[in-house]
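Given next, in structure tokens, is a single chain: the form predicted alone.
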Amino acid sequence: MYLSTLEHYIGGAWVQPTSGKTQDVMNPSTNLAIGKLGLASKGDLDKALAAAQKGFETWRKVSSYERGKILKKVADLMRSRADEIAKVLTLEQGKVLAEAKVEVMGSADIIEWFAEEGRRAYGRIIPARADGVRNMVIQEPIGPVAGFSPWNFPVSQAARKIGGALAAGCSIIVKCPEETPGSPIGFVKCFHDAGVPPGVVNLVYGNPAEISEYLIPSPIIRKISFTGSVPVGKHLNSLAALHMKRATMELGGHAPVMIFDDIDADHVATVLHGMKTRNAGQVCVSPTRFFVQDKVYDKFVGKFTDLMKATKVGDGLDPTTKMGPLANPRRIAAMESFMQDAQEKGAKVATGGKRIGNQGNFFEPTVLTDVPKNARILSEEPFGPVAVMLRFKDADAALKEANSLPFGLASYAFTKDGKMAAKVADTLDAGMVSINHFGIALPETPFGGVKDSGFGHEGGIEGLNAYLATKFVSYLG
């Protein structure tokens, strides 16, 4: 399958960019080109900015009820096209087809949820101090948005930004990942076909630094939403702050998972194996640091290692594959660097640790034990299929260690003890804590972190409020 129609979407039309620059789109299972993507010029971005301004002026006047009807139609179109979009997603990103379809269907749920919640952007009346005065708080769309989404979830991360923005009455220019352009194109086609007015959604690709540094300072753009790495997020946030733009930053993590003595080791190992191998570990909320209490350590690590060892790695389109390739050669190099560093410092490899073959970006599901504190993998986000096992006896000391990094996105715990569960929930310094299951990232729940993992939220009412400006009106009638 060759992705031959990789066009940008500007002002309600599918167009080829004018820079004359292109880059190949690669299949991570083969490292062969499956498409060629044109990159936007500044002239293209000027057209997108003008379109977003015009689109905003139109869309903000559409009632929230009518906006919701159109967004629900988008969600229905996504569900009807899920197989097609998911196949493209797997071809360009690598995740197994079943996971790709879950992403697309989940993205439809995100759009539908925002369609409904956008009708509930309530204001309020504040009691006045004088007769005849009315004090009102009104929620208004903040304006045109610049969104930047990542390659690990190219549809769902775009859906969170576009869904929240449009439900609030904003327009958006979204720069989706150049490595995975085909699936966002299929996604945006649903907006076009559902009847979203021209300019309300604009999709561009190009040099990430050039696009962000051109769009963010523009007086047309009023809000920034970025999902990606901590260093890039800090840079874009500083640029947004320089121009007084509101920003949502969903950045990296290094999620701890606390595994206590009272758990069913086989069950918890099975749950966490699925969480760790999902998208080959290329998930910002993937569990990475496994704090396992002493009495259950051997049994849990043994079962988890057996499951990792038995995981079938291969092409995501193969229905027997359980874990696909890493998305690009950079991730292979990163995994190998982590492995070399950890082993040189004394860590042991319980299973995995190596690249698979020499075609495609396949890496073995990996378990590390006896990892010293100075190993890079304990302080840098691995973003791959590597689990680090850390034995502990004292819960307080382990919780302190779990909180020791500058990251604070997701965290997990497994225990049958209600008091311990409450203590963990209160103590873990993260934007999201999930206990005894994977319970985050639903459309109706807030998704976001603290510390270096960013600020602001996507999802939930918080994800809608991010695109609303509060206006206070007081009048004497």
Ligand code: NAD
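When you see a residue number, it is the position in the sequence shown, counting from 1. Since the structure is predicted, the reported quantities are computational estimates derived from the model, not experimental observations.
From this point on, the text means the form predicted together with nicotinamide-adenine-dinucleotide (NAD), which you will not see here.
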property: Residue 381: touches nicotinamide-adenine-dinucleotide (NAD) in the predicted complex, heavy atom cutoff 4.5 angstroms; result: yes
property: Non-hydrogen atom contact residue 157 with nicotinamide-adenine-dinucleotide (NAD) in the predicted complex at 4.5 angstroms; result: yes
property: 4.5 Å heavy atom contact, residue 350 and nicotinamide-adenine-dinucleotide (NAD) in the predicted complex; result: no
property: Residue 229, heavy atom within 4.5 angstroms of nicotinamide-adenine-dinucleotide (NAD) in the predicted complex; result: yes
property: Among 232-240, 191-199, 319-327, 160-168, the region lying within 4.5 Å of nicotinamide-adenine-dinucleotide (NAD) in the predicted complex by heavy atom distance; result: 232-240
property: The unique member of 74, 259, 145, 284 whose heavy atoms fall within 4.5 Å of nicotinamide-adenine-dinucleotide (NAD) in the predicted complex; result: 284
property: Single option in 128, 310, 209, 136 placed near nicotinamide-adenine-dinucleotide (NAD) in the predicted complex, where near means a heavy atom within 4.5 Å; result: 209
property: Partner contacts in the predicted complex for 130-164 (non-hydrogen atom within 4.5 angstroms of nicotinamide-adenine-dinucleotide (NAD)); result: 148, 149, 150, 151, 152, 157
